[in-house]
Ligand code: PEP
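Given next, in structure tokens, is a single chain: the form predicted on its own.
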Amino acid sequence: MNKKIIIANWKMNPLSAKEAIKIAKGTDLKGVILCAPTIYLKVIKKVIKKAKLGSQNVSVENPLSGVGAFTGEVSAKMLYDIGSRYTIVGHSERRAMGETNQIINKKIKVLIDTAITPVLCIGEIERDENHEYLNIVKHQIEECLFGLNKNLLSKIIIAYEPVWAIGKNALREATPAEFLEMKIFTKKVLVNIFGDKVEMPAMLYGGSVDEKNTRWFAIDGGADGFLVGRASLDPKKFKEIVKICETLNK
């Protein structure tokens, strides 16, 4: 079994650098990627020894082009300079703020050009009986990866996050079988775009991951890893998730 990829998405947490350092020290584990708010990346880099650093967003603009001024934006080059080697793009929360597939496509290309691994989030808001959700995800994949060189496909990570199964307002929990269905479907879409001789990207599960469902999504769902939200802020829970994955890696 391939080694699991475990990404912590802290979202807009915590509220202080002191707490960020505390969480980082408590989750500084080998093979883990900590995606923290950009403002904390520099201080976290100083205290982690095993984990890798990631970010949660990036500007579509490339300051090296010499065109325009982009107040408030953070470029891929800036992220790389402070140690970020992974960046989440297309997260459902950013999509809800208006981020389109076309914007995500630009971000992916900027990140790859800067040697940062994009973590592309895909997923539907609802799982309807007519299976329209498959078309929604298909369009996300096609548009977000439009124009990508097929040799670069393995340079990205895909995370499936069923929006209807996330957070306190979740309709219900997703099942490993539902993730496996989406993993198989995603591979089919990618083959249709890039051909069957390309190296496929790793596909993670990211729907309210915790220490209780990790094993089943890895074994029965075939998840290549996990994008962990709330549980990544709790070192005890996060360590248990990592421990489960390490056991499966053997």
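Start at 1 with the first residue shown and count on from there. These figures come from a predicted structure and were not determined experimentally.
The following text describes the form predicted in complex with phosphoenolpyruvate (PEP), which does not appear among the structures shown.
K.L.:
Has each of Gly54, Val89 and Pro118 got a heavy atom lying within 4.5 angstroms of phosphoenolpyruvate (PEP) in the predicted complex?
P.N.:
Result no, not one residue of the spot touches phosphoenolpyruvate (PEP).
K.L.:
Could you tell me which of 159-167, 145-153, 72-80, 131-139 sits within 4.5 Å of phosphoenolpyruvate (PEP) in the predicted complex, going by non-hydrogen atoms?
P.N.:
Flagged stretch: 159-167.
K.L.:
Considering non-hydrogen atoms and a 4.5 Å limit, does phosphoenolpyruvate (PEP) approach Gly225 in the predicted complex?
P.N.:
Heavy-atom contact with phosphoenolpyruvate (PEP) at 4.5 Å: absent for Gly225.
K.L.:
Is Gly207 near phosphoenolpyruvate (PEP)? Define near as a heavy atom within 4.5 Å, in the predicted complex.
P.N.:
Result yes; Gly207 sits at the interface with phosphoenolpyruvate (PEP) in the predicted complex.
K.L.:
With a 4.5 Å heavy atom cut-off, would you call Lys237 a contact of phosphoenolpyruvate (PEP) in the predicted complex?
P.N.:
No, Lys237 is distant from the partner.
K.L.:
Look up in the predicted complex whether Glu93 has a non-hydrogen atom within 4.5 angstroms of phosphoenolpyruvate (PEP), and give yes or no.
P.N.:
The answer is yes: Glu93 has a heavy atom within 4.5 Å of phosphoenolpyruvate (PEP).
K.L.:
Relative to phosphoenolpyruvate (PEP) in the predicted complex, which residues of 8-23 have a heavy atom no more than 4.5 Å away?
P.N.:
Heavy-atom contacts to phosphoenolpyruvate (PEP) in the predicted complex: Asn9, Lys11.
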